[in-house]
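There is one chain below, alone, in structure tokens, taken in the form predicted on its own.
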């Protein structure tokens, strides 16, 4: 028995080594661009022409340039847009997901049809949004951006939450109804606390979608209401790309997303699989 275990362990060692090599290669492939951007944010224009330069004297000129362009104000606007978008999406999406999960509203068509907006190219939807914004005189404001982002975030949030509502036991809710609570009160006080981790993960993921959007924000609010991605795109000027300043601005944008992704990765997989396979 001992010899068999040793033989089996040795048999799998090459596969384990190969797996470690692949994981190391994947880590390098993913982290190398971030390292290049981080170093680039502290390089001068001349140093940026040498991508392999690692040892150099850091320069804060790029960060000064970025701060002067109002990048923090743009980041604040992105936060406002993301919070409003996610708040509306969670309120509406949780009720929609609950209806689909508990009462099979719309059947399989509704469960998968809510993702239709994700399939359509953004160019198809942006012009109706722009025309509507002009008609109600909110063009160039964050109101139009929030409306567009809701069309992106709401279907995803609803899709995620369906799986979490499917996993929530119905018996507890039924007991609350027997005890005299009405349907909405039972939903608010009994069901929602059970899916709170899923709501949190969905909210963070929806915020990341809003935070990263460039297309809608660039067309609907390119001026004084520009969000962070639009400000970053502004470093691509007619004189060329300001690589140093853009690298610093990208770090401002990426760090919050990395932190959020670290906290939601497990719930993200659970939400995707749950919404996809449970009927």
Partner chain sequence: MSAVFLNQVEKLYGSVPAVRGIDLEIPDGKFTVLVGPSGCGKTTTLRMIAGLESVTSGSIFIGDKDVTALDPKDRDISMVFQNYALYPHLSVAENIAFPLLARGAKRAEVQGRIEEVATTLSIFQLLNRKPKELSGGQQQRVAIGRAIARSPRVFLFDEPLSNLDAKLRVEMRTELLRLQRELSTTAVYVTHDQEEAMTLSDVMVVMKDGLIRQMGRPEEIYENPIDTFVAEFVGSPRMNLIRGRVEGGVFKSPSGVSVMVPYSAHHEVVLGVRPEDVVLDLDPANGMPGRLEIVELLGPRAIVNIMCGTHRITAVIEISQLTGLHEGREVGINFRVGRTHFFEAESGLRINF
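Every value quoted in this text rests on a predicted model; they were computed, and no experiment measured them. Positions refer to the first chain, counted from 1.
This next part talks about the form predicted in complex with its partner chain, which is not shown.
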property	result
Residue 141, heavy atom within 4.5 angstroms of its partner chain in the predicted complex	no
Interface membership of residue 125, its partner chain in the predicted complex, 4.5 Å heavy atom rule	no
Its partner chain contact in the predicted complex: residue 90, any heavy atom under 4.5 Å	no
4.5 Å heavy atom contact, residue 175 and its partner chain in the predicted complex	yes
Heavy atom contact within 4.5 Å of its partner chain in the predicted complex, the stretch among 71-79, 181-189, 150-158, 202-210	181-189
Residues of 111-130 having any heavy atom within 4.5 Å of its partner chain in the predicted complex, listed in sequence order	none
